[in-house]
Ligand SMILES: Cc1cc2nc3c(=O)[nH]c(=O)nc-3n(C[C@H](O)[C@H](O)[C@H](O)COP(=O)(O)OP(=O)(O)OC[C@H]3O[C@@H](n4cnc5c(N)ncnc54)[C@H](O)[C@@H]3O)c2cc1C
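This document starts with one chain, in the form predicted alone, laid out as structure tokens.
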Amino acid sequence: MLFLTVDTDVRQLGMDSGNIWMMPNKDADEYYDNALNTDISKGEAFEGMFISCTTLKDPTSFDGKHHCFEAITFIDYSAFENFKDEKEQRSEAYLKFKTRLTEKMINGMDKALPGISQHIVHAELGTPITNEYYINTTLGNVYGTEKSLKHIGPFAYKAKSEIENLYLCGASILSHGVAGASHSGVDTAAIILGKHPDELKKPREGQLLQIYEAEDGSDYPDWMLKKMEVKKARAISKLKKEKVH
């Protein structure tokens, strides 16, 4: 996963609050087979990528100048086998490999959003090795621990841990993905409150969920507009201080 910060109006490059699913015009099975069996350091850019701009999805996170992106591509863990036993001090070979993959990710983004590479402020690549180190996922994947027959049902991780008052939730507890993590949170909350999960999912009288359109701020409430103003003011203040120093 590539985390990218740019200092340009990305809407002018063709981005909006939606997601870009970039895939080559070929059979999906063929693409994934090639991705699993090809040296990922080769080639100019990754053919398939998921691209999302978080600062367009949540306008209150935009500081008036910098937009943040998350870009993901599909690879096989075997590409990182040579680095799996490294400790915190990464080898020169790993760092060089990571730099090469970062270049390919950025080139892929350039195909989807021409010119974006000219406006990069910060870029940081997270690899399977990164995921293993920070969140201990199986083979560094993005969906938590392995889900085999030994890791589901009565053999799965439990919401209530062996440590008193320590409860767990997330993709590794119930099931993978956004839905799995969300339902896990509800289930864990229900255990803590001594209720059935369905009780927490029932709408309550007077309970409202307000959804605001990311592309149209005409109906944003005052508190939201104020939050956006404060965010931009802080960014301007920080920039002025940097210029002074």
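These numbers come from a predicted model, not from an experiment. Numbers follow the displayed sequence, beginning with 1.
This next part talks about the form predicted in complex with this ligand, which is not shown.
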In the predicted bound form, do 72, 170 and 181 all reach within 4.5 Å of this ligand through at least one heavy atom apiece?
yes
Of 96 to 104, 114 to 122, 154 to 162, 136 to 144, the segment with heavy atoms within 4.5 Å of this ligand in the predicted bound form is residues 136 to 144
Let me know the one among 177, 64, 197, 48 whose heavy atoms come within 4.5 Å of this ligand in the predicted bound form, would you?
177
Contact of residue 239 with this ligand in the predicted bound form (heavy atom, 4.5 Å)
no
Can you name the residues of 90 to 115 that have a heavy atom within 4.5 Å of this ligand in the predicted bound form?
none
